[in-house]
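This document opens with one chain alone, in structure tokens, the form predicted on its own.
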Amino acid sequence: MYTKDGEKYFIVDAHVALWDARPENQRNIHGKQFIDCFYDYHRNLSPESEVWTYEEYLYQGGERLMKDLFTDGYVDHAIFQPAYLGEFYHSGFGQSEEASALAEAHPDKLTYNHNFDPRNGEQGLEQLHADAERFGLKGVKLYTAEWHGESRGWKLDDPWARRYFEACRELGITNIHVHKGPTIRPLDRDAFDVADIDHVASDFTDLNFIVEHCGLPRLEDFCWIATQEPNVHAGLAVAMPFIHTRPKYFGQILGELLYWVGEDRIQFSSDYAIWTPRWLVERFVDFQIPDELTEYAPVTTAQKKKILGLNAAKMYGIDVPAELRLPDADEPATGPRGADELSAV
């Protein structure tokens, strides 16, 4: 929990990872390219005081993760969103065994989501059933630009992907997190395009589609889809650190999301270990839309509380102390919202 000026904020970090990118786990040059790209994001968008050494960055381990999130980072609950990347790393990039064991040991603090790849066909479907039973899955993280043999990506509306979503329905896996937005070397930009969210969100209205990185740099595409699909949500991973390097740009991102998507469908994420949550939480609570961005309404304390934790807590059924809860906004399910607030400024 974070407290500032008498206000208390329940913090859910909705997108964290425990990865191993050390040289001994790199299968080929692409494993090094991938973690080097992550490190460039980390080094260039973090305050100088928050920059890790490259060696620290390759593997953080469970003990450090617990300290960075819960001892130092104000986080009340965090959700693992592991990327597999088996073509680049011997045991995968996100460490499923270590992360799931950590979540099992700290169920009050951690939720473990897993992943699937529809290109694995029937065998993958069987594995999804086994994983759902083993981990008690409520969500998955999908990486549509992941390489798989000769394939360099897949789409959410592919026939096999639809079979996996039907299985998610049966298994109670209702939260589908999808990396849509920033490309990462050597993955292909177009395989992260946000357009295929529209099709599956319309067909699977009983599943939540959380678009991680809110489609950046295709924010406009994302907003025009999300405003018409009440089951599409915005994840702020990667968007958050711009609060430091480019606050006006961050203000534009947040202003657009609040206008098109609304305060009840935006989730805070540090994207740990690309960044750590402490400074992001502090900066976000202090943040306000820059005066020159007159087309956006000011961000309220209630909106910040929802974004920092209450929205994700509601989606995952995480217990929140009664005194910290807030009612949903009285907003339309579809279409732009926020015009009334702006006219009142």
Partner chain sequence: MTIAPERSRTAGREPDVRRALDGVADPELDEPITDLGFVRSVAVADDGTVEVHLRLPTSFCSPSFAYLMAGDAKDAVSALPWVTRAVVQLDDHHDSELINRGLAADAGYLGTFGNEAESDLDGLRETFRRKAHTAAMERSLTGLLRADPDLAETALGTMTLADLPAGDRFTAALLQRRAALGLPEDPSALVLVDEHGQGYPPHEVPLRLRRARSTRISIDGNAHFCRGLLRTRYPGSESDQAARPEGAEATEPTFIPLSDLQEHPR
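Owing to the predicted nature of the structure, the values given are computational and were not obtained by experimental measurement. Residue numbers count along the first chain shown, from 1. Take the two forms, find the largest set of C-alpha atoms that superpose within 1.5 Å, and that set is the rigid core.
In what follows, reference is made to the form predicted in complex with its partner chain, a form of this protein that is not presented.
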property	result
Trp52, Tyr41, Tyr316, Phe287 - the one with a heavy atom within 4.5 Å of its partner chain in the predicted bound form	Tyr41
Contact residue in the predicted bound form, chosen from Glu170, Glu126, Asp190, Glu97 - any heavy atom within 4.5 Å of its partner chain	Asp190
Per-stretch contact check against its partner chain in the predicted bound form, the hit in 108 to 116, 179 to 187, 201 to 209, 133 to 141 (non-hydrogen atom, 4.5 angstroms)	179 to 187
Interface membership of Trp160, its partner chain in the predicted bound form, 4.5 Å heavy atom rule	no
Any non-hydrogen atom of His90 within 4.5 angstroms of its partner chain in the predicted bound form	no
Touches its partner chain in the predicted bound form: Glu295 (any heavy atom, 4.5 Å)	yes
Contact label in the predicted bound form: Thr174 to its partner chain, heavy atom within 4.5 Å	no
Those residues of 18 to 40 which, in the predicted bound form, come within 4.5 Å of its partner chain by heavy atom	His30, Gln33, Phe34, Cys37, Asp40
Core fit, then Asp193 C-alpha moves 2 Å or more between this form and the one not shown	yes
Cα separation of Ile184 and Trp154 in the predicted bound form versus here, shift of 3 Å or more	closer
Distance direction in the predicted bound form for the C-alpha atoms of Ile197 and Ile184, relative to the displayed form (3 angstroms or more)	closer
